[in-house]
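Consider the single chain below, provided in structure tokens and representing the form predicted alone.
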């Protein structure tokens, strides 16, 4: 099948397929006489595996490592378990960061009522004030690197 058919059957864009090939997540394909890439059914399975991994927010290097391990069926799976544990810890850290961000945004939202003019908006005043004038509780917002104390 050609790349368009592979894209349709897997729900993956043609650009993503080419990118995964460039990143060596998909093996090189044979070419037709017209120089079109030709794929067989094994590419559907491999691309589906990659998409599932990416859906779990695994990095390309993690996907590459899992593919390598998948192709070594006799190998010990401890490495897979360690990778998943590390990824779980990363996700938990991001969840904590997002919860802190949520608290900061809610605190900021509490600075203004709905019946204010922009001139008297407590949110804008708080964002415009210096760090020293803000409430204490220094926390870092890793979303954009800024610091807001809330």
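Numbering follows the first chain given and starts at 1. Just so we're clear, the structure is a prediction, and the values are computed from it rather than from any experiment.
Below, we turn to the form predicted in complex with the DNA, even though it does not appear here.
- For the options 110, 42, 59, 96, the one in contact with the DNA in the predicted complex, meaning a heavy atom within 4.5 Å, is 59.
- Contact between residue 35 and the DNA in the predicted complex is found at the 4.5 Å heavy atom cutoff.
- Contact annotation for residue 31: at least one heavy atom lies within 4.5 Å of the DNA in the predicted complex.
- In the predicted complex, the DNA stays beyond 4.5 Å of every heavy atom belonging to residue 87.
- Although the partner is absent here, residue 18 lies within 4.5 Å of the DNA in the predicted complex, judged by heavy atoms.
- Residues of just one listed stretch (79-87, 97-105, 49-57, 120-128) have heavy atoms within 4.5 Å of the DNA in the predicted complex: 49-57.
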